[in-house]
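The chain that follows stands alone, in the form predicted on its own, written as structure tokens.
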Amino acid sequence: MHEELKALLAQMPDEQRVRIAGRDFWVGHLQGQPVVAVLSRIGKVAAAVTATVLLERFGVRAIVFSGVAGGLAPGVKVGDVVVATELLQHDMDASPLFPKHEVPLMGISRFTADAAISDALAAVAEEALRDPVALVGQGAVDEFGLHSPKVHRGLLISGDRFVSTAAESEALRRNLSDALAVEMEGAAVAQVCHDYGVPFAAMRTISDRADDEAHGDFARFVAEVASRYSLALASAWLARQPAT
């Protein structure tokens, strides 16, 4: 989201814009580490294009994806963080030629996130969420009910649809009972990174419950909560990386 990128750029002292494929890639440093920051854009195809440019033109060594998602599993609440262990496209269905959810010609439906990066992201998230007031301020904590946010690890599902009805979310829970949250890009980026053999991890702030209230205060939540989460977690993770 634009608010997330803006927060990151504010902490990058030397960012330089490189425009490719209609996208602005910001090359610089964050916490002393060389980074490229970019909006994935919305949807699986757009995000896959962005990931491919990162790998082909910038030669990145890993991709870390942040953003928001709708909670699916019981107990995955607004303000929680999901760090993916696996990612799947819930709208991939080439049956009967291939099993439902399986990516044709690849023989897999679930893409595994890099364990080392995911473990490190989960650790910094656990630490940050112990004090949500310090993270986002008392006003945001009270407004969005962020009194005991938690970190969850597990399956993150992606599809080219903003899931915003209780019926849709219930259908996803029935079909993919272990899914923690749903969004629109992560599994596509994971597939690109799988093809290139590059480590990938995804962390998502839960902005809603993917139900009939999913659209309420979305923009305000991204500005007041999700953008601060993304900056804090990315910065803390990068600060712990060896100097390059």
Ligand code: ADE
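Each residue number is its position in the shown sequence, starting from 1. Note that the structure is predicted; figures quoted are calculated from it, not measured.
There is another form of the same protein, the form predicted in complex with adenine (ADE); it is not shown, and what comes next is about it.
The contact residue chosen from 155, 163, 140, 128 relative to adenine (ADE) in the model of the complex is 163, the criterion being a non-hydrogen atom within 4.5 angstroms.
Contact with adenine (ADE) in the model of the complex, judged by any heavy atom within 4.5 Å, is made by just one of 47, 182, 63, 192: 182. With adenine (ADE) left out of view, the stretch that reaches within 4.5 Å of it through heavy atoms in the model of the complex is, among 51-59, 30-38, 65-73, 195-203, 65-73. Remark: residue 218 counts among the residues lining adenine (ADE) in the model of the complex, judged by a heavy atom distance of 4.5 Å or less.
Mapping the unseen interface onto this chain, residue 210 counts among the residues with a heavy atom inside 4.5 Å of adenine (ADE) in the model of the complex.
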